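Next up: a single chain in structure tokens, the form predicted alone.
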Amino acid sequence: MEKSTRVNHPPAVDLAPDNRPLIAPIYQSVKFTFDDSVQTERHLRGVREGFFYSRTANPTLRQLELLLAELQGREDCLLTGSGVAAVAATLLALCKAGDHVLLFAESYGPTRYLVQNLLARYGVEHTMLSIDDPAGIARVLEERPTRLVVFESPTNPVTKIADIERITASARRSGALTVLDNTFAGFHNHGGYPLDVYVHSLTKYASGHGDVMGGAIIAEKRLIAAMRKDVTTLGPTLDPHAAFLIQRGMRTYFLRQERQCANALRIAGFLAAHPQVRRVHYPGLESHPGHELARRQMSDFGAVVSFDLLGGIAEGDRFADALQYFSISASIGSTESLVMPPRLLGGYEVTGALRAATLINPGTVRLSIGIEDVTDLIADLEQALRAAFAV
């Protein structure tokens, strides 16, 4: 064999049946092959298992898919290159022209955009309510045939708690599918409810280290099978190396959750007692309107704490700028703590009564709590609050 041929056909290294890696390798390959064309064709017809092209399936991705599906209490999963890609792919795979979607003012901004703008261009209509309006939800579902109810809990950024039992009951009576963005709550929450589809941004708590993006669509096998062709043809494929990094992050998922949620509860209590804080939005506090509902639905209260400063944007800027251990940055779920000051929270495209329902005001600040020592974090918040009102 000539050397120019050898470099494209390197020697194979096969492991003995009783010799395997402790950590699964990264299958950093776009293409897979079978021994002959008959077996290849059998795989493409779905007669035999295997892998052929990584846009449709890859062993590294498949391991992560099976893990996340099991954690969420469902049968199957599809991975995407980002959390928004998971939302978009779900909406496009499950909706057609003439369908109606029910969504909420408290939802993630890109989710609202996808329904109000992208789906609308293809003839999908929508109604937007507040997640705090269960009577309105039931009324819309009774009066109008609805394809999807798309919501999240806790909501972003002010951690409202959706009544999942009531929403799913209303949806099932009307024949609508429910889609829950479960990113804030995590894979260990909400699996016991009859939700049809879970979407997650793996960029947040699954990865946990702020260095890789990804998304997941989780449902029963029948529904994933119905969505698979559309999703893989749209092409939002997660890279195998990114899947490996997320899989590695998941090894410390529960350890991080325990520390972050414990830190968040301590910080929420500190903020609730601070004279420069008007209101704290954290479901772990008894003062939170959704506290009892969160106690029933969740095993913890999450690691996002939002609060309203007595001041507005100027005070919010000074507060965020003075922080030492909280970085001004988008996203949540990293091991380091993050802050989003009022001017960066957005949501201003929601207007009227629904704008008021979002509870976002000129003094609202969102904190994503990390795994640092909580006494350091509280001391940092205390000095930043002093700085915010020193002028």
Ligand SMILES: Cc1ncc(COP(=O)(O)O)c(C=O)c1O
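Predicted model, so just to flag it, every value in this text is computed and none were measured. The first residue of the shown sequence is 1; numbering continues from there.
Beyond what is shown, the protein has a form predicted in complex with this ligand; the following relates to that form.
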task = Go through G284, G186, G316, G214 and name the one with a heavy atom inside 4.5 Å of this ligand in the model of the complex.
result = G214
key: Option touching this ligand, based on a heavy atom within 4.5 Å in the model of the complex, out of S306, T203, Q257, S170   = T203
query = Which one of these stretches, 263-271, 220-228, 83-91, 292-300, sits within 4.5 Å of this ligand in the model of the complex when only heavy atoms are counted?
reply = 83-91
task = Report whether the minimum heavy atom distance between S207 and this ligand in the model of the complex is within 4.5 Å.
result = no
message = Is N156 near this ligand? Define near as a heavy atom within 4.5 Å, in the model of the complex.
response = yes
message = Under the 4.5 Å heavy atom criterion, name the residues of 85-113 that approach this ligand in the model of the complex, in sequence order.
response = Y108
